[in-house]
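So this first bit is one chain, no partners, the form predicted alone, shown in structure tokens.
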């Protein structure tokens, strides 16, 4: 039998892309337990069961074995910091972490892709790990993108460019792919809907984001000028501007012109970071030349009157 090199085997295992979870529970003394785990897997639908494994050398093994319940928090693509936090040996992992209510008194992380509350029904030794079996007693899912781990680094999920979204025959009956306006509209909806939903999931109304983005490019506009620029009705923009001013994201000058504050810039940075990541997901699988050509053609359409 060929001798197995542990390091190379780890690299081999790393070729399998996994989601990332944070297992949370309460120790018998009431102390919160939280650790990052990517060994999670579904096991059974009837009864509803899952499994995950933990290194036998972990300091949390005994406490988790004694806990009657545990939770599997499936991290979202914007929760890389949470993954790093709960992967650390710190005793202060839960400091500053937003938690949500659990009927089973479990520390559930907010803003995740999903969570599953499980009854701890058994443990089985598997080599240098302990396999935990959980029976799902409650769960919730959110419309967010998951955080992945592959090849020793974080990754995000993206629809494969070769995936067919609809039967070509069906598309032909519902729209004409020879006309550019329907194509542009459909591509806009395809990209904007999931991104806008992600912003809403993060508590960022789309109108707020659009106002901040435009003021970043064209500062010191009035509310009316902002409404005309982003093509949203005046009443809606006025409400958003009022909220942004009250929250300290915008400051209204004496002549009613708007400027962004430091908190507003921080919120804009968050939106732009999400947009950059989302763009990478959408364009994954396309060549650099194809991306350059796409952006060039769009710019020509946008600025065609100035040419």
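Everything numeric here is computed off the predicted structure, so don't read it as measured data. Residue numbers count along the first chain shown, from 1.
The same protein has a further form, the form predicted in complex with a small molecule, not shown here; the description that follows concerns it.
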property	result
Contact test in the model of the complex: residue 210 vs the small molecule, heavy atoms, 4.5 Å	no
Heavy atom of residue 115 within 4.5 Å of the small molecule in the model of the complex	no
Any non-hydrogen atom of residue 88 within 4.5 angstroms of the small molecule in the model of the complex	yes
In the model of the complex, residue 129 touching the small molecule (heavy atom, 4.5 Å)	yes
All of 20, 36 and 39 within 4.5 Å of the small molecule in the model of the complex, heavy atom check	yes
Stretch in contact in the model of the complex with the small molecule, which is absent here, among 217-225, 117-125, 80-88, 187-195 (heavy atoms within 4.5 Å)	80-88
Listed residue that, although the small molecule is not shown, lies within 4.5 Å of it in the model of the complex (heavy atoms), from 269, 256, 279, 55	55
The single option of 261, 59, 31, 242 touching the small molecule in the model of the complex, heavy atom within 4.5 Å	59
